[in-house]
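Just the one chain here, the form predicted on its own, laid out as structure tokens.
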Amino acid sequence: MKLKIRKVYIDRAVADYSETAEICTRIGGTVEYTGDIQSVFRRINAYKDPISAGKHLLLITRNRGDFIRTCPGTAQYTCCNYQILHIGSYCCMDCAYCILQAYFHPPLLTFFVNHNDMKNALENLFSSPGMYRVGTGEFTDSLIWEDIYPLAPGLIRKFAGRNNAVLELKTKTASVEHLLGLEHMSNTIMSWSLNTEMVIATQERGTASLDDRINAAAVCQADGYPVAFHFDPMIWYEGCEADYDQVVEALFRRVDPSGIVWISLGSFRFMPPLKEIMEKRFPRSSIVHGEFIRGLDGKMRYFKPLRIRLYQSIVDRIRRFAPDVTLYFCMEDDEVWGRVLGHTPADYGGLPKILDKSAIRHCKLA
């Protein structure tokens, strides 16, 4: 999945960085140096469709905040205490349900190049007590930046051999060839978001096909990487249960369940402001017009009985192929856990402990 950049804005504060120079040798488009990032934001917000425009505009700058952040879960639903490595923000792919459309103002591809600060943050993490699951796929896709700056190979090498941290690279792309043959020591989990063919075709513009994602996972697994999968967001429509069954069957035709670290499940949910954005940008999409209720976190969610039915269907199918794989829910309550999986996270010491245990079992922590 290649970035198609029409214009590059370079923050003067990073104009002499080696990372900036490397990006400029790899990318086309008009280049503009700026000392006033806010003025860039104002210009992008003036576009008729800034969300679409921002997918072709790149800001190269430095991360002025924390490189490592705890996943912004909510107290009302079970969270996994994931650590986000904030390498950049926004995405060149265009999923109708994507929260990034409403999260960033303006939405603009932004890549951070103060990598010495990032390395220092990681060293501090590695020297801290505890077990850490770290991912780069929360505010962006983990692999869309690789054509302009191949960051992933360095991160994979950096996590190799660590005894208290694993890296998860989560993506909807399928370009993994440059990650094969690296000395990863099984400490990087290659991870894919999966959905039905119908959802991918109608709601996930510019993403890799389901077959390509699964094939990429199989290739990475053959190279010794642990793998993981995220059925999130699961979207309800007539016939969806049979379609999700087909996804599960396609997955296990190519991927060995013994090498899967975890599979997460989550249903479609959205902040109310996203509805208007989706209706404007995806007028043919009807996914925001289902049976929703406002959840405890303020997001619109399917009624709980509908969520439970959807989860039970896919869990039953997964368990036929992979009875021992670690399954967990993203942002669901104990009732959903109990009725679908037959236990709550507290029964096993909490969700972070469940996932830590699975990571330790599959990754070669020194």
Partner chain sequence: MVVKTIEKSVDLNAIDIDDDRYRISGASGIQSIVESIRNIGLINFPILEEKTSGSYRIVCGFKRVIACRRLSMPSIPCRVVNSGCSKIECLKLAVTDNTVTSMPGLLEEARAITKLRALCDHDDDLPRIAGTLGMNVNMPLAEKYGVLCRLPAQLQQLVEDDVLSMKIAIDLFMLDRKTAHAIAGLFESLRPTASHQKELISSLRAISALRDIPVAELLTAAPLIGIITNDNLDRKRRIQLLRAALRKMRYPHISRFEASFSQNLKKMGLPQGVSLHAPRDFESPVYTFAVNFENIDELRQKADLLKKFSETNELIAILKREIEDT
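What you are looking at is a predicted structure, and each value in this text was computed from that prediction instead of being measured. Residue numbers count along the first chain shown, from 1.
The protein also exists as the form predicted together with its partner chain; that form is not presented, and the subsequent description refers to it.
Here the chain stands alone, but in the predicted complex its contact with its partner chain, taken as any heavy atom within 4.5 Å, falls in 289-297 among 83-91, 289-297, 210-218, 108-116. In the predicted complex, its partner chain lies farther than 4.5 Å from every heavy atom of G35.
Among heavy atoms of R62, none comes within 4.5 Å of its partner chain in the predicted complex.
Not displayed here, its partner chain is approached by K304 to within 4.5 Å at the level of heavy atoms in the predicted complex. In the predicted complex, its partner chain lies within 4.5 Å of some heavy atom of R339.
Here is the short version: of W236, F139, F282, Y149, the single residue with a heavy atom within 4.5 Å of its partner chain in the predicted complex is W236. Site annotation in the predicted complex: the residue of R42, R69, H56, R309 reaching within 4.5 Å of its partner chain with a heavy atom is R309.
Annotation for 313-336: interface residues with its partner chain in the predicted complex are D333, E335 [heavy atom within 4.5 Å].
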